[in-house]
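The chain below stands alone, shown as structure tokens; this is the form predicted on its own.
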């Protein structure tokens, strides 16, 4: 659906996007992960034809986005991070206005608008002025507006910014519903916990670079390994490492004064035997547990903000 190849964008000497290559299949709900300033918004604006890249290519639904910008904008529904509404328009008039921009007939606009307003749970607000809606309602209205021409790709830049918890839940349910209907969705955010609840694929950006991308479970496995064990201890770190390395398939991920993280291919019985060997060698083990990966720990690892991070990025991208 969306193919980005060797994309570059700079502002003077600042490299906002650096050699970005990414493929998002049809029907994916893709999360662009990264802190503010990572290059997510710049990438999204280039994809939507609002900004030209310094170099690189973008294909959307088989169409070259850089050579056919007018055609490609019919394929995209865009919800920016700061959405605009018109104070003197009612909700129905707002939808009519945007439908007319795509040369839709009045009857077609009315039919599709009714369906979309029902989809975003705003059917009872058709005669209400847009500026009286809550922020969450305005955001859902913007999603409805972005869908009025039935685009192949829906792009949302920080859609939950400034929303209260209830509005965020409503937005998540809306996006999952749209994905179930076959829409391809790209959503950028720095709120990692929200993306983990709805996205099936991700791309992690940092300082303009794509650090990792793919299905969430595949990226997790590539970075953390299929099995991760965290051992906490009061003393005996060096002895614990020595004992652990005696077992086949064990690799030390990181080692702090009171915590050792390792990847392994051991059975439960072998893990118990290893822990017992550590204790027998005077290591004071205070606990151990399997690491459950999440987007927060994944992001910290691949961006090098956690010990051992850069090593794992290199391994996961091989």
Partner chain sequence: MWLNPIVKRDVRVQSRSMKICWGVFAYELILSFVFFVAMMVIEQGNRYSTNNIYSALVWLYPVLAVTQLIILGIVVPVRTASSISGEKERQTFDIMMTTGMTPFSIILGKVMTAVVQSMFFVVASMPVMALCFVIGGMSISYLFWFLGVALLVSVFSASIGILCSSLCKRSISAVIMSYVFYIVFFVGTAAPFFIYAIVEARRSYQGMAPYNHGENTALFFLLNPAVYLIEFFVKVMSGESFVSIFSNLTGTVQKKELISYVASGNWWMIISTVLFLAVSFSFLLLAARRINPIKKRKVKV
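Numbering follows the first chain given and starts at 1. A quick note: this is a predicted structure, and the numbers were derived from the prediction, not measured.
The same protein also exists as the form predicted in complex with its partner chain; that form is not shown, yet it is the one meant from here on.
**Q** May I ask whether 1, 17 and 32 each come within 4.5 Å of its partner chain in the predicted complex, counting any non-hydrogen atom?
**A** Contact check failed for every one of 1, 17 and 32.
**Q** So in the predicted complex, does any heavy atom of residue 39 sit within 4.5 Å of its partner chain?
**A** It does not: once its partner chain is placed as it appears in the predicted complex, residue 39 has no heavy atom within 4.5 Å of it.
**Q** Mark residue 27 yes when one of its heavy atoms lies within 4.5 Å of a heavy atom of its partner chain in the predicted complex, and no otherwise.
**A** Heavy-atom contact with its partner chain at 4.5 Å: absent for residue 27.
**Q** Going by a heavy atom distance of 4.5 Å, is residue 170 a contact of its partner chain in the predicted complex?
**A** Although its partner chain is absent here, residue 170 would stay clear of it in the predicted complex, with no heavy atoms inside 4.5 Å.
**Q** Might residue 180 be said to contact its partner chain in the predicted complex, defining contact as any heavy atom within 4.5 Å?
**A** No, no contact at 4.5 Å.
**Q** Only one of 272, 280, 54, 284 comes within 4.5 Å of its partner chain in the predicted complex by heavy atoms, so just point that one out.
**A** Contact with its partner chain in the predicted complex is made by 54 alone.
**Q** Consider the chain as shown here, without its partner, and state which of 150, 100, 132, 193 has a heavy atom within 4.5 Å of its partner chain in the predicted complex.
**A** Comparing distances to its partner chain in the predicted complex, the residue within 4.5 Å is 100.
**Q** I need the one stretch from 203 to 211, 139 to 147, 236 to 244, 115 to 123 whose residues put non-hydrogen atoms within 4.5 angstroms of its partner chain in the predicted complex.
**A** Going by heavy atoms within 4.5 Å, the stretch is 139 to 147.
**Q** Do any residues of 45 to 81 have a non-hydrogen atom within 4.5 angstroms of its partner chain in the predicted complex? If so, which ones, in sequence order?
**A** Heavy-atom contacts to its partner chain in the predicted complex: 45, 48, 49, 50, 51, 52, 53, 54, 55, 56, 66, 69, 73, 78, 80.
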